[in-house]
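Coming up is one lone chain in structure tokens, specifically the form predicted on its own.
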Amino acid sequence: MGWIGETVDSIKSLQIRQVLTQAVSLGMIVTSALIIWKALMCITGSESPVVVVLSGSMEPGFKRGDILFLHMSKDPIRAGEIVVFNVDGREIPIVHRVIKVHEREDTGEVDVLTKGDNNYGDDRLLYAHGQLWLQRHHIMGRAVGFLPYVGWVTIIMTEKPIIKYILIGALGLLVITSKD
């Protein structure tokens, strides 16, 4: 039995006070992560300051599994910038380059057309039915930096949920059985 037997014995020997202490510690870790996420949202002006590239549509610039850091400023969006946007009716944001900017003369608002660097055509087929341009409210942020390959952890846990449950279970067991 070895390690498993020791873990079971360790769980059996826990006092109520120890369990509560471990639960509070876990709660503090989760709360800290949420506070950091909210702070990043305020600093970057983006509803999602960090995203993972999920497809190969932006290769060779960004590969599947790269993590992008986003910032949303008040500056006008320009052709050539890489933006992350949401399309009405889709949950997953898309990372593509702005290829055309259209400024409305009557309101001064800017509409943009996007395309993946590795795609043949523009993104109008990805937009909502009848939509030809993206408006500012569709844009989540501009890519300002990236970490290559780090997002593969997220992709693997999404595509193979059993790995996510095993990892969460192992971390929970580690927190419960830790003696500190």
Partner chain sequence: MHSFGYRANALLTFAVTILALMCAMASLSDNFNSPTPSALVQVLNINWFQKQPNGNDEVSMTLNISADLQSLFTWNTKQVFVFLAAEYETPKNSLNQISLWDGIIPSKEHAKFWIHTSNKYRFIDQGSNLRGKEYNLTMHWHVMPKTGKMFADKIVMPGYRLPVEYR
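Numbering follows the first chain given and starts at 1. In this text, the rigid core denotes the largest set of C-alpha atoms whose superposition between the two forms falls within 1.5 Å. These numbers come from a predicted model, not from an experiment.
One more form of this protein, predicted together with the partner chain, exists but is not displayed; see below.
Only one of the listed residues (41, 26, 35, 147) places a non-hydrogen atom within 4.5 angstroms of the partner chain in the predicted bound form, and that residue is 147. Although the partner is absent from this view, residue 80 contacts the partner chain in the predicted bound form, with a non-hydrogen atom inside 4.5 angstroms.
Using a 4.5 angstroms limit between non-hydrogen atoms, residue 134 is distant from the partner chain in the predicted bound form. Residue contact with the partner chain in the predicted bound form: residue 91 places no heavy atom within 4.5 Å of it. In the predicted bound form, the partner chain lies farther than 4.5 Å from every heavy atom of residue 71. For residue 100, a C-alpha deviation below 2 angstroms is recorded between the shown form and the other one after rigid-core alignment.
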